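What follows is a single chain, given as structure tokens, in the form predicted on its own.
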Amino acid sequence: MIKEGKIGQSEAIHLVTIAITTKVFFTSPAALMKIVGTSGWYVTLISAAMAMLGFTFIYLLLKEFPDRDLIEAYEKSVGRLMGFIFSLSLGGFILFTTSIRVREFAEVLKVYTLPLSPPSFITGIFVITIAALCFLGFEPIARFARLVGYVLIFAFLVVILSGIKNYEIHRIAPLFGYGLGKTILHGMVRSSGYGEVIILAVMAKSLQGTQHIKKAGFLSIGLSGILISLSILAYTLTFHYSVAQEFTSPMYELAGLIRYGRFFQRFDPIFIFLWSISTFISALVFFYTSISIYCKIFRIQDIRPIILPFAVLLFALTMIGKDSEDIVIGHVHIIRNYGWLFLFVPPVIALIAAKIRKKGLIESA
């Protein structure tokens, strides 16, 4: 069994919340505005509600198999072969998502701060760093997330509250964006925006029981939903939605407009700090989770020899997209709209199979 240490609820909540909310600093909010218009700030709350529903099935599955993680629960419920397929597809999806997140970070950084640096250089440094820190294990990663979590939330709220004087309430009209039906539909299908909660199920043995997983999961989704909704609402109130759709990073643009006299202006450094640290933690924990899934599938007891090959694979995946437009319109859009097929559908199937198998055993007895 892989020794991944033990973490508490606080570490789990901070880790998952940071991993989820990181996306708000990239291109996803602008892409969401192109789809639903001014209703993006509550579309994300619909997505959070759907993610909570999906996580409920994950929790119920883990409850059927106490002291098991998601990988073991799949094997116990649907058998070794189907469990292998479910777990491998999840691990592949998580690794691919990590690569897109790292590449998105590189593209946005290239636009705003390092215009002359090639994406391969930025992603290479990033991948080397997270691969090196994976050798420390899951527990130190979670404890580091808790250590910086309060600082990141405070910095986030500073940026949001400091921009109040630029907010104009009329900019959230029309309230239903491009239509209520479209708003609800996209809110439901984009539930994978909160899919990082799956980390808790994969690392279930590091938490102290399914009740801890349940509480950490629902709290992290709820807190993330509030923070993401606040950020989208903030720049919806700051920029007209037709303009905000064109920004590479609306939150960066929002931070750049904050000015209070001669000495309090250019809050960009706060944003860069917030953005870089949260992205680093998010990519790190997702990368570690993909390796952990692989090791659990193939019964590998030591995770360390697998880190370097996975780092090479991660770097190769980050180079798939040609440019930022290809990343956003192609890969990010696919992940947001179809990620739920990998994250929430297999647990539902596994839960149904577990219930049927359990009922069959009871009747035969």
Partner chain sequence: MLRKWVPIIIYILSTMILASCYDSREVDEYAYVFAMGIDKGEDKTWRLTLQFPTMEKSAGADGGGGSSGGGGGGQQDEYEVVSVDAPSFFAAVQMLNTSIPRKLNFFHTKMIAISEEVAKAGEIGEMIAPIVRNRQIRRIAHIVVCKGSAEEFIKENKPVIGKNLSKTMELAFNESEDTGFFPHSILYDFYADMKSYGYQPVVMLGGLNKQVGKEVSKDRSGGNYTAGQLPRKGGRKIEFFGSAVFDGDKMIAELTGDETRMMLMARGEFERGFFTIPDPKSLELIIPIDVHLAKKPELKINIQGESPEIDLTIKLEGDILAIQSRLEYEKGKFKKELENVFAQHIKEELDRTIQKCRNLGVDVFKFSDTAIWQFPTIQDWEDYAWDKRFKNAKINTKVEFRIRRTGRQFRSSPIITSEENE
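Numbering follows the first chain given and starts at 1. Model, not experiment: these values are computed from the prediction.
We do not show the form predicted together with its partner chain, though everything after this point is about it.
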Report task. May I ask whether 111, 115 and 128 all come within 4.5 angstroms of its partner chain in the model of the complex, judged by heavy atoms? Result -> yes
Query raised in the report: Exactly one of 318, 47, 38, 28 has a non-hydrogen atom within 4.5 Å of its partner chain in the model of the complex; which residue is it?
Result: 38
Report task. Could you work out which of 294, 96, 241, 156 is the residue within 4.5 angstroms of its partner chain in the model of the complex, going by heavy atoms? Result -> 241
Requested in this report: Would you check, heavy atoms only and a 4.5 Å threshold, whether residue 81 touches its partner chain in the model of the complex?
Outcome: no
**Report entry** Distance check, residue 209 to its partner chain in the model of the complex, heavy atom within 4.5 Å
**Finding:** no
Query raised in the report: Does residue 72 reach its partner chain in the model of the complex, with heavy atoms at most 4.5 Å apart?
Result: no
Query raised in the report: Looking in the model of the complex, any heavy atom of residue 172 within 4.5 Å of its partner chain?
Result: yes
Query raised in the report: For the chain shown here without its partner, which stretch in 209-217, 81-89, 191-199, 233-241 has non-hydrogen atoms within 4.5 angstroms of its partner chain in the model of the complex?
Result: 233-241
